[in-house]
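Each of two forms of one protein chain follows alone as structure tokens, named structure 1 and structure 2.
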Structure 1
Amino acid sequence: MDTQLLMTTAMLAGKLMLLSGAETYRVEDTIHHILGTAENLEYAEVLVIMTGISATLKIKDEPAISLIKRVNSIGTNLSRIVSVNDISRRYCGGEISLEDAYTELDSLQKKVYRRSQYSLAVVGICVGFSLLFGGSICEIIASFAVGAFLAICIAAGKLLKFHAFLLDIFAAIGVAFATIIMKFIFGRHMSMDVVMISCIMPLVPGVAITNAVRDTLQGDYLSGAARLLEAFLKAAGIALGIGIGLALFSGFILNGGAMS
């Protein structure tokens, strides 16, 4: 068995999962399973933290191999986690060879959905939440419009390669701006609260909170704390954006700063 290739494959699988927002214990588990298939294995150690992977593989009568991989820019792409999970399971179950597993991992597609579907999803989240929060026709129409504007903001921010924190602030300012415009159009029939709350939902750190809890629970305190920080930073970014947006535009558009 090609030990180098085994190690590279395991690292690639781990990197892909970590990049896609998998919990660290799941990444460790997957790498462990892949390394565990080596013949004459003496030991395999894996350490995954949120920003990197290191692994050591020791085969009998051979020097130990260690690899470290730095991983930055963590996003969320659950379908890639599922694909890597599936490939690693099939490989560990002996259904595909190591070479095939590597090729499949290497050629995993980046995105499942087109940009238009992605933008439509943003609008869907806004409209759906405004229904859940008890919005009337007025608020649903408004959140549709604000959601569309938010989708444009997110797309523009991604195009300009904004840093994640900056993107949150930028998108939240967009939400505040569009909501105030809608309030100006609909007047007192529209509750600004419902629209604004529904439309920041695409930005809230649901993924970070969930992963923080699950990582901490597994004993990965470092990753748990890091994700908690990520969640706080995201929340602060949204809050800051909404604050800036309200302070900037409400005075101008809704004369006299009458916000309710």
Structure 2
Amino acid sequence: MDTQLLMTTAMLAGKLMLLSGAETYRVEDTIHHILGTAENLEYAEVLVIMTGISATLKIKDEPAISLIKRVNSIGTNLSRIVSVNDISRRYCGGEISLEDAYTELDSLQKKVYRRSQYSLAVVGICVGFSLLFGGSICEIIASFAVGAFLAICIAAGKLLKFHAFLLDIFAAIGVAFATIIMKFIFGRHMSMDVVMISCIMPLVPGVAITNAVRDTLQGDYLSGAARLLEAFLKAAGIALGIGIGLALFSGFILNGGAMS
């Protein structure tokens, strides 16, 4: 067995999962399973934190191999996590070879969603939550428009390479601004609360909070605390952006007390 390829494949699987928002214990478990297929294995040690992966593989009568992989900009891609899990299970189950597993993981790494798909998903989330919160036809239409503006803000922020914290503030200001515009158009027929809450949902760090709890319960306090801090910063960025947007635009655009 090509131990270098085995190590590279395991690290690639772990990197893809971590980049996609998987819990650190799940990443460690996947890497362990892949490295565990090595022949004449003496030991395999894996350490995963939010910002990197470290692994060591020792085969009998061979020098130990260690790799460290730095991981930046963690996002959320549950579909990719499922795909990596599937490839890992098929490889460990003997359904595919090591070379095929690496090829499939490499293809998965190169697969990215188009910006139009991402924007449509953002709009869909806004409209979906508006329905969930009992929004009327006015709120649904407004959520569609605000969601589209939010998608534009996110795309512009990424194009300008804003830091994640600044991007959250920028996008939240956009949500506040667009919601106030919609309130100006629909007047008392539209609830600002429903539209604004629905349209910040794509920014809310739900996965980060969930993973923080799960990592902590698994005994990985370092990753749990780091994810909790990440969630807190995102929530603070959203709240700050909404506050700035309301302070800047509500009095100016809704001058006359049209807010309800």
Partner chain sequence: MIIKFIAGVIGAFIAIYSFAVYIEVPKNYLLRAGLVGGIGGFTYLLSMEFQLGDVGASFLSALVAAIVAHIFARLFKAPVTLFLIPGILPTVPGAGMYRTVYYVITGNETLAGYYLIQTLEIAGGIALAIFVVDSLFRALQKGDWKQNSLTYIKGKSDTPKQ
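Sequence positions of structure 1, starting at 1, serve as the residue numbers. Here the rigid core means the biggest group of C-alpha atoms that line up within 1.5 Å when the two forms are laid on top of each other. As the structure is a computational prediction, the values presented were derived from the model and not from experiment.
Structure 1 derives from the form predicted in complex with its partner chain, whereas structure 2 comes from the other one. When the larger part is held fixed by C-alpha superposition, the smaller rigid part is turned by 9 degrees between structure 1 and structure 2. A C-alpha shift of 4.9 Å is found for R114 between structure 1 and structure 2, based on superposition of the rigid core. When the rigid core is fitted, G187 shows a C-alpha shift of 3.1 Å between structure 1 and structure 2.
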